[in-house]
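Only one chain is shown below, in structure tokens, and it's the form predicted on its own.
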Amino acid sequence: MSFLSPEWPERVAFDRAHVWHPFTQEKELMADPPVPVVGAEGCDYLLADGRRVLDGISSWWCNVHGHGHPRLVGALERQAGRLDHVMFAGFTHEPALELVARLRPRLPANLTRAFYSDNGSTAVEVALKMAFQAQMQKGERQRARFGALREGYHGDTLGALGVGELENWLTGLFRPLLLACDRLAVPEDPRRELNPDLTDWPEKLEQARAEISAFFESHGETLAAFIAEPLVQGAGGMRFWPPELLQEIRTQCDQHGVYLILDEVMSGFGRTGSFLALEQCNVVPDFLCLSKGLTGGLLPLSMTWTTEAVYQCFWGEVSEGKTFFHGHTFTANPMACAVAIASLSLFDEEPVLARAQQMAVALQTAWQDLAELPCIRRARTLGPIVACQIVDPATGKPHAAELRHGWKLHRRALDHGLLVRPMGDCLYMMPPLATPPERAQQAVATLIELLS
């Protein structure tokens, strides 16, 4: 079969014969096949049937500056012609060093050491393994467990799954294979809702602080590290949670000798309105996981940052067995590093965060209108992220999962030039930060039309 052929039905048939898609029940694709994408420009995808579709979810939350940005593409082309790949064990190269030098001033000052890997899951795996090994090499051999938030998500590899939400469709099957993890529930932050009821919020916040303290009293002496997504739990349903509670977790980690890992794979690089979400929390972690927006969404790359104190736990003679034996073939890939440098340069040279704020204002204004629909509950916003719950207006409850209500909305929205992908009953938007405010408002108007 020629892949230069314009006959997309033939290509889709080939896909169905040989390709296995992520997060997909393949049987469903026989009746509802995957949508062919032939290009991307700015904040839009170009589909094979001629439709232009606004990327309302930043291509799974990774696209920052829009698709095909010439600065990123140019950096990739130049680096590919100079040095495309070299293993990073025993070698180094300029793009890896320059990326560390450019990124470090934007991070908390205590984060001085960077370990490269490939994607968000591996950034988390590195942090978990590094934290555990550091505790062992300090003599804290009882610290063989991890702490994490309920409703969390940190990736799909087994270590990352092990610190995600245990009672969901992602994790439950693999329970026998997972890390030992104790989970802490935190409330969502009603102050992010468009029409909040804050009557008893101070009392709930104090109760949550007390529950965090009790959790660490019970588990703190056996935890190697505690992991959390600051401000927003993405795949958990866009749960916006209070920065005050992350501050309390930091305090408790310090008191109990537990490392704090912050997973900013989704929330980093302007996604919450600041360069990093932790800036809005006034919290400094012991480990920071970055990926997705690191390269502006163009290539896979991740970094796990940590402190000099952690690094020193691994310093010694080879015979002492303190080496961190972890790595990937494409660790610190020169092309990906070069693209990440170009992406960071755009943050320096263009008003990326100011544009994100303009889009956030436009989205929040439009989201107020959507919140008036009888099928919408708990409309909420965080910077240029907006979310809500879709319910059956007759009952006020979520639609039955077997009705595939969110999936149908996703498909109908494509017909109207918009990509959204609800998570269960959670509808959200987080377009590329370069999206014009008027396009964001038009997208919400489309959702209002469809949901009406």
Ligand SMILES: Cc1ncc(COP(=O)(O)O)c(C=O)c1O
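Bear in mind that the values here come from a model prediction, so they are computed numbers and not experimental data. When you see a residue number, it is the position in the sequence shown, counting from 1.
Not pictured, yet referred to below: the form predicted together with this ligand.
Practice item. Can you check 349-357, 75-83, 263-271, 310-318 and let me know which stretch has heavy atoms within 4.5 Å of this ligand in the model of the complex? Key: The contacting stretch here is 263-271.
Practice item. Could you spot which one of Y153, W305, Y259, F146 gets a heavy atom to within 4.5 Å of this ligand in the model of the complex? Key: None of the others qualify; the residue that does is Y153.
Practice item. Using heavy atoms only and a 4.5 Å cut-off, determine which of N119, Q135, T381, T331 is in contact with this ligand in the model of the complex. Key: Contact residue from the list: N119.
Exercise for review: Mark D286 yes when one of its heavy atoms lies within 4.5 Å of a heavy atom of this ligand in the model of the complex, and no otherwise.
Suggested key: No - in the model of the complex, heavy atoms of D286 and this ligand never come within 4.5 Å of each other.
Check your understanding: With the partner left out of view, is W61 within 4.5 angstroms of this ligand in the model of the complex by any non-hydrogen atom?
Key -> Close contact exists here: in the model of the complex, W61 approaches this ligand to within 4.5 Å, heavy atoms only.
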